[in-house]
Ligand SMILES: Cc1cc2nc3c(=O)[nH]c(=O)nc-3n(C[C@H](O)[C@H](O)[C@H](O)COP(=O)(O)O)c2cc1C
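The chain below stands alone, shown as structure tokens; this is the form predicted alone.
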Amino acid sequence: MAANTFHLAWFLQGSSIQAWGQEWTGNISEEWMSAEMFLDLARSLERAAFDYLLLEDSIYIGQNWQNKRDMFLKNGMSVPRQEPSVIASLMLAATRRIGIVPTLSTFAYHPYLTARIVGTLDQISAGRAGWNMVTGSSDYSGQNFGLDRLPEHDLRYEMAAEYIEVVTKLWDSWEPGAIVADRKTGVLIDPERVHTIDYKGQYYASRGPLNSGPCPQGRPVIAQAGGSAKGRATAARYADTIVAHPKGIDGMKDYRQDVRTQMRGIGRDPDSCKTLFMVYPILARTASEARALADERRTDAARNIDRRLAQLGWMTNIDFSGCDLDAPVGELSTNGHQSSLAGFLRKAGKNTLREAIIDYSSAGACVDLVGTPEMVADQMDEVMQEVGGDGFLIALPNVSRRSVAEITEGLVPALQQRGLVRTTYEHQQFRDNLLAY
């Protein structure tokens, strides 16, 4: 691979009714239950040799606007959502090389269950499964599981560190070669190579061993979005790939350097973890058409301020419905997604709430990528050269077969022709492809 080659992955915002009400979405509101569009997405990304597809998830219906669910239900905002491990199993069955990474939250799944689910996905896919570790961010989700509220942000990450220890020890409870299948002696599994873990921590306990057997990758790939200080430290210690969304090239560079420095500090090889930066490319046949689409996104944000604020509230646990749109944003705090709120506040500056949410909703995640496929390919090359690596996580706000094709049949070939992304997979298993360059 060339020195400037980078990785590509896809961030799917829940297996729900994508882009409902938008053009070119077919009959998604009638067909979404079958998961066929999501299987088409996985197949398309595999043809384009993406490293992985990450299935984002939430386990609640938003109520962060006028303390009602109406805004979220009427507009299909992050609802309905299906169990991601089930969709992941269908995606893995429909593909042969791409990694599939469902989100399983630490408060909703016991560590043993997560280890077993993801381990099973790794087995049925011959080593292509991952786990997106999240701690949860909304009290509404906790209340669905009998909790009054989620623990405080930093405590959630302390608990998550212990949780990951349990999961990885369970994956390690089977040594390589434990299944000997010796027909002469009649021994299937060597008892000396399967171990209890007897883990008793402050928050979690598990006896082990994992009864589902060994994972082809040994340990499936762990993904994590570490935005806050605690989140970055957890990602640096445990993650194999990081979902990152700092704003601007300087922010991206600082983020990657910080995580890599932390990895060195605890004895990890920084190259063993790939940081992928979230982007929303806007593509068209000409630069002027692409710019018009970008302008339309801003116009749409201005037309739908309530909806944009509700979505921000969904992420941050803040109900903005009673706020003065034409007053400065001021100081805000949250027990929800701290990095999302911090990114919003940085962009807001001294602007009014109206101006701030329009700017925030119109931005292209980490950096703006706008133009023809060739122009955007060049922009991505320039960004990676400035940042130093490791790649991009495509996160389109409106997913349809058309928008997917714009990426896989338009942008990716332009990147491949420049030698910036792979044209074919180097290995059979997910982790090996992630570490190929």
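Here the structure is a predicted model, which means the values were calculated and not measured. Residue indices: 1-based, along the sequence shown.
The same protein also exists as the form predicted in complex with the named molecule; that form is not shown, yet it is the one meant from here on.
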Answer among 90 to 98, 133 to 141, 343 to 351, 166 to 174 for heavy atoms within 4.5 Å of the named molecule in the predicted bound form: the stretch 133 to 141
Just to confirm, T103 within 4.5 Å of the named molecule in the predicted bound form by heavy atoms?
-> yes
Using the partner position in the predicted bound form, report whether G119 sits within 4.5 Å of the named molecule, counting heavy atoms only.
-> no
Heavy atom to heavy atom, is R307 within 4.5 Å of the named molecule in the predicted bound form?
-> no
Is there a heavy atom of L393 lying 4.5 Å or less from a heavy atom of the named molecule in the predicted bound form?
-> yes
What is the one choice in H110, H153, R193, K253 with a heavy atom within 4.5 Å of the named molecule in the predicted bound form?
-> H153
Could you spot which one of M159, I189, A126, M278 gets a heavy atom to within 4.5 Å of the named molecule in the predicted bound form?
-> M278
What residues of 304 to 340, in sequence order, lie within 4.5 Å of the named molecule in the predicted bound form by heavy atom?
-> G336, H337, Q338, S339, S340
